[in-house]
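Next up: a single chain in structure tokens, the form predicted on its own.
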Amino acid sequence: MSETVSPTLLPEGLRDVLPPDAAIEAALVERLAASFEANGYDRVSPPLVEFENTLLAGMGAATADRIFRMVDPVSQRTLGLRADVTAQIARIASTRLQTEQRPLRLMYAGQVMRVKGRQLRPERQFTQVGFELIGPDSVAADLEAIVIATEGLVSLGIAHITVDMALPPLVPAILATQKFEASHLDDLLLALDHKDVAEIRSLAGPLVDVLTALIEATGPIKNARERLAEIKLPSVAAVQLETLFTVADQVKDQSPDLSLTLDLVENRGLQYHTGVTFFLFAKGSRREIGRGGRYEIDHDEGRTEPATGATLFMDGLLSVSTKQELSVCVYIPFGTDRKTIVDLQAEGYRTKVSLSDGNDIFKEAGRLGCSHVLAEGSVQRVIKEGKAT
């Protein structure tokens, strides 16, 4: 028996974006794209659906539990609906653009779809806008990723930006110096994810001082540096941490208004990252508005290529960006010649043309949401009384 569902009811995590939000979001996307393009990033547009095996190849494997799957009626192969765009950019860079000169700078904007949302991001469909810097493995590249991402946010009128830096390889490099049973290691990693100091003390053994210091270093970069100077890290971990601090110093030099914080045990959602990563926050938002960091792209014959980049989430940005006013809407009386209408549009007006004669143009303008009318050869403002000013 089929279930009757209201036409206004949508699946959990999905929503209609209505006027004016749809237009505002589109304008924000293009402003971000313009900011990235000004920095030399070329736009690409991968498909929404790919074959499952290519979508989940390499770094894409981290999204395996987030993608919708379906059977292609043409090829009879399993398809996947993308849950993230970065893996698709990696595929493009390693195949169709593999012979292009490096560094390769690519940007994108598109919808993603996920099987389920999260507590802080219940939406399952939203727009990602981002860029990837492919080829260099350097502090300069890490710096560019953070600076370009935050400058894009500033171009939207977003102030009070916080960059929360992380280093996913650090904890594994420290844990590798000791031998833990698999189940014990899983429990320790879970305790680190939850920042459960009591549980960490009971599980960490000889690493207890180092791991608790990492927890205590969470917060402003300056405080973290002072706390971590008191402990001795394995050489590999020490080099990784020094790279992060070098990047942080250069970010602060170039963008002194940014707030920089540190979370050295954060690893959730960063499974494929291999170096300095970051989360972006803004005053007025309870959740991240973007993230990025270093990773590796798989090529043929086992070769890898370094890359870094950032992804910004439009659902989060809508609530904290400065809303750009939509163009003034002008109500056009029936029978107005097309050249006049086109000329008004060229001046930046939006127009709504009457489809019948004999209407009170001032009342019709108000009814249709137009703040102005074309009357007596000029654009005039509509006021509540139904007359023009």
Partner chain sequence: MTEARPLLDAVGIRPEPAFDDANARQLQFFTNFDHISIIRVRSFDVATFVAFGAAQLGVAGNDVLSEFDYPEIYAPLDLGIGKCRLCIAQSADLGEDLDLSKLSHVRIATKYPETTSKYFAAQGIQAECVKLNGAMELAPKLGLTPRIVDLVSTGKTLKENGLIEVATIADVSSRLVVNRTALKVRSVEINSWIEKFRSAVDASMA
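Please read all numbers here as calculations on a predicted model, not as lab measurements. Residue numbers count along the first chain shown, from 1.
Although not depicted, the form predicted in complex with the partner chain is the subject of the following passage.
Here the marked residues L120, D263 and S285 all reach the partner chain in the model of the complex, each with a heavy atom within 4.5 angstroms.
With the partner left out here, the partner chain still marks one of 249 to 257, 232 to 240, 216 to 224, 106 to 114 in the model of the complex; by a 4.5 Å heavy atom cut-off that stretch is 216 to 224.
Proximity to the partner chain in the model of the complex, defined as a heavy atom within 4.5 Å, holds among V154, L190, A176, A140 only for L190. Residue in contact with the partner chain in the model of the complex (any heavy atom within 4.5 Å), chosen from H194, R96, H299, R102: H194. Although the partner is absent here, A198 sits close enough that one of its heavy atoms falls within 4.5 Å of the partner chain in the model of the complex.
Contact annotation for F279: at least one heavy atom lies within 4.5 Å of the partner chain in the model of the complex. For the chain shown alone, D164 is a contact residue for the partner chain in the model of the complex, at least one non-hydrogen atom being within 4.5 angstroms.
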